[in-house]
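There is one chain below, alone, in structure tokens, taken in the form predicted alone.
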């Protein structure tokens, strides 16, 4: 691996370390709370992936349905980056809603 490949990872590691240090020392955040935060975040990521798969699957089926009923409809419309972004919003909002509804 070259520096070009590692640069983004090094940058994120440095900013993460700096924010962690400032959060613990200056803002007096409890570092023990970070583990449950990672667990909640992983649940949100899981919900995001499920929504992305569901949206992509329904999108492909819908595209084939439009092809059979009406006219040719390209499948690449399902590969729009906005689908990833909107699926992330769906997943995170659903997970937060789920968590708050359960107490």
Partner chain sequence: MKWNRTVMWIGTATIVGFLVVTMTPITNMTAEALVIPSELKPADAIVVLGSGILGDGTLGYESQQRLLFGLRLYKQGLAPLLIMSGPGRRNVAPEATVRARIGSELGIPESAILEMTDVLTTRDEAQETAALLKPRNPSRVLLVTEALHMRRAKRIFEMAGLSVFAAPSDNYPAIAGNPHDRLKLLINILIHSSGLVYYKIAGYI
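All figures in this text were calculated on a predicted structure; none of them were measured in a lab. Positions refer to the first chain, counted from 1.
The same protein also exists as the form predicted in complex with its partner chain; that form is not shown, yet it is the one meant from here on.
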Can residue 43 be called a contact residue for its partner chain in the predicted bound form at 4.5 Å between heavy atoms? yes
Residue 34: heavy atom within 4.5 Å of its partner chain in the predicted bound form? no
So, in the predicted bound form, is residue 95 in contact with its partner chain at a 4.5 angstroms heavy atom limit? yes
Does residue 76 reach its partner chain in the predicted bound form if we count a contact as any heavy atom within 4.5 Å? yes
Among the candidates 56, 29, 66, 49, the residue which, in the predicted bound form, approaches its partner chain to within 4.5 Å (heavy atoms): 49
